[in-house]
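One chain comes next, on its own, written as structure tokens: the form predicted on its own.
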Amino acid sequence: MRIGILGTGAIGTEVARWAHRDDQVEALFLYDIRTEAATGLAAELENAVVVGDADALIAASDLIVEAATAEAAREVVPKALAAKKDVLMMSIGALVDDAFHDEVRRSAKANGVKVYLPSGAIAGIDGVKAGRLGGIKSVTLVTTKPPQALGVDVDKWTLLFSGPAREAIRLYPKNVNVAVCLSLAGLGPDETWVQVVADPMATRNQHKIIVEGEFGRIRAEIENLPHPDNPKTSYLASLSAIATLKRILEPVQIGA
């Protein structure tokens, strides 16, 4: 498989380094608006080539790994799908825009390709997807972070927000991917309830997921460590991208 990586930040770099070692990956193509970042990464990897723009990346690749920004995803993902290329999309916050979400779904179906959405910095998505088939009654996400991570100055546990995911995403755009991923797997952004908490005692970003349904109850708690190369990114998000790519490449699929 020929893999194109859009964005060579912490996640794109981790994916490229892993893919470079997989014998099913014939070649890697890298594109980043920061040319020096892509060039530096390519120098490490013997089968990696830097291309000049997103169009060249799409033309050269069988699968596009989008690890850039929501803005880049809105521009590049539709082009990749129209070119009949599969996409692994990390900036899933872009999909909170219903019109863009519908466009992506229609284009993928029309062109016979797939869009893969890693679970990112949370766990339990397989259970949510399975539970939805049997009927989900409620989905709640409680995100707790140090105050500085949420841009506030408080000296005690403080509930900053409690309401639907769509509103949480609007108010806290830098924390959207977890809420969007859970919403897409379950009841959607208007029926998924989100609480955002600032806690001066918190040393890690914490996510608690509670799902009630006909199947029973799911409760998952995650405490994320930052990526060693970029403290703004959870290390689990990088590993989730790699796990999704590994699943694409492997003949035996595990999980829902």
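Computed from a predicted structure; not experimentally measured. All residue numbers refer to positions in the sequence shown, first residue = 1.
Separately, the form predicted in complex with a small molecule exists; it is not shown, and the next lines address it.
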Contact test in the predicted bound form: residue 34 vs the small molecule, heavy atoms, 4.5 Å: yes
Heavy atom of residue 186 within 4.5 Å of the small molecule in the predicted bound form: no
Contact test in the predicted bound form: residue 68 vs the small molecule, heavy atoms, 4.5 Å: yes
Partner contact for residue 230 in the predicted bound form: the small molecule, 4.5 angstroms, heavy atom: yes
Residue among 149, 115, 96, 121 with a heavy atom within 4.5 Å of the small molecule in the predicted bound form: 121
Of 245, 239, 10, 25, the one that lies within 4.5 Å of the small molecule in the predicted bound form (heavy atoms): 10
Residue stretch of 211-219, 42-50, 188-196, 25-33 approaching the small molecule in the predicted bound form, non-hydrogen atom distance within 4.5 Å: 25-33
Output flag, 72, 90 and 177 jointly within 4.5 Å of the small molecule in the predicted bound form, heavy atom basis: yes
